[in-house]
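Starting off, we have a lone chain in the form predicted alone, written out as structure tokens.
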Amino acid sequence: MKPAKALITSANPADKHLPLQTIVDAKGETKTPLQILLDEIFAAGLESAAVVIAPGETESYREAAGPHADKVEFIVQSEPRGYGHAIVSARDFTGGDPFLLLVGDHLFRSYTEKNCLEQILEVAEKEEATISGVQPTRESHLNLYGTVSASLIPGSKGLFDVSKIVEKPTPTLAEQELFVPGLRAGRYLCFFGMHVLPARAMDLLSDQLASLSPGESLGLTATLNHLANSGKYLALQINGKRFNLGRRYGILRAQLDLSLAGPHRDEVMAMIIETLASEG
């Protein structure tokens, strides 16, 4: 079920500015987070991409897309009615096809030669399943991410069978219902910021939206649980790191990590040491 289309959601009023910031990537080139995401999308072999944005943001996002602007469709979410509503706003774009779903306020760094998107797409090509990227995450950060209950598939490396998804659980709930054997104590499998979803995910979201009252928000978790209960749902532990740009110092964390992974590591380290020394 390898998708050919990628969908980035970036319409949340609180985070819509994040993909438009300027950051220096691992190669030392100045780009926006949106362009970095698009670089990885097209490097992974996907054919097309769309970004769901808030009203009035089209030109800002087109500029932030850089050289990819002409290959990207910008879809306006008519009103802020939640993550699921943002996704279903792109139903005409995805059509009857599976798609790769990304959040616009995350960046990724792979620990392998394959970028993080290529890792999940490689599994998608082999499996007829819903697939979510995950990362072991400390319980103190559970309030930021969707979390899965899952069991390691025998003989696999970092591939889990998902039975349940909870959005931003409390540590107590996670300990009771989301424990994954083999993980270190106090760590749980939380979403990495990327999913491969089947076409019927759009049907499920559309049906849920039709049942809501005007203005009521639509999430994604109910749809993911339906997919887990009615078919094959896998979680892949991505060999890499996610950077949630919306966290406090999130952009700084991403910038430091990308800089230290690139060709200017010594220069950046010298700057850090100089700053720490001057504070002493």
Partner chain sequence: MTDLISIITSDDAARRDTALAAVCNSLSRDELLEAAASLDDFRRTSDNLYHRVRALFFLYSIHRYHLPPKLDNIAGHIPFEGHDHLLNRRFQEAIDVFLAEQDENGPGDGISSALAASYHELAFQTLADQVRKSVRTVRGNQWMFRMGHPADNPLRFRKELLDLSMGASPILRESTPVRMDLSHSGWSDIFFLGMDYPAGAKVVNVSVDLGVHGRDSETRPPVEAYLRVIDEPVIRLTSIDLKATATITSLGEVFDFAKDYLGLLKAAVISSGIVPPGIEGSGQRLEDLLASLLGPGKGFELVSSVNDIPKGSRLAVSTNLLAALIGVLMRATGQTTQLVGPLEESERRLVLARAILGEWLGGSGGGWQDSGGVWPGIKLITGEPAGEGDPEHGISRGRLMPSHHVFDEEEIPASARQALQDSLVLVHGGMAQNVGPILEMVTEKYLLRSDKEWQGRQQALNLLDELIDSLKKGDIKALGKATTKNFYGPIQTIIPWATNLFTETLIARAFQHFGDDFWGFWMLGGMSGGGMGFIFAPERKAEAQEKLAEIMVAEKRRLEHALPFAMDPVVYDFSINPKGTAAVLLGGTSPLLPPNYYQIHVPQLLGRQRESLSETQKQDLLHFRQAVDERKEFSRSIHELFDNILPKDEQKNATSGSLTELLRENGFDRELHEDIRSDIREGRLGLSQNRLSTTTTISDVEEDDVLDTLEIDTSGAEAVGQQALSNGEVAVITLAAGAGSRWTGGAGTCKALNPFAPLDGQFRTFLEVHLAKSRRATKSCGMPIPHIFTTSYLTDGPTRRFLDSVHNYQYPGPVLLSKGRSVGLRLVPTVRDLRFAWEEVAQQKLDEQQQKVRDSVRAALINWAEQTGECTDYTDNLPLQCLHPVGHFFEVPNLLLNGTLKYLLENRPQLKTLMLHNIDTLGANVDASLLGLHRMSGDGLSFEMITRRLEDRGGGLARINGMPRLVEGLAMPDEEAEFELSYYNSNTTWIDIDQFLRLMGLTRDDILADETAIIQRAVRELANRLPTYVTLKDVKKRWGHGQEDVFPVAQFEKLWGDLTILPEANAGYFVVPRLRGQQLKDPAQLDGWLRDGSADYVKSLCEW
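The structure displayed is predicted, hence computed values, not measured ones. Positions refer to the first chain, counted from 1.
Keep in mind the form predicted together with its partner chain is missing from the figure; the text below concerns it.
Contact between residue 78 and its partner chain in the model of the complex is not found at the 4.5 Å heavy atom cutoff. Within this chain, residue 138 lines the site of its partner chain in the model of the complex, having a heavy atom no more than 4.5 Å away. Residue 95 falls outside the set of residues with a heavy atom inside 4.5 Å of its partner chain in the model of the complex. In the model of the complex, at least one heavy atom of residue 186 sits within 4.5 Å of a heavy atom of its partner chain. With the partner omitted here, the residue from 163, 143, 112, 206 that has a non-hydrogen atom within 4.5 angstroms of its partner chain in the model of the complex is 143. Just one of 128, 175, 73, 122 comes within 4.5 Å of its partner chain in the model of the complex, counting any heavy atom, and that one is 175. Heavy atoms within 4.5 Å of its partner chain in the model of the complex are found in exactly one of 195-203, 102-110, 177-185, 152-160, that being 177-185.
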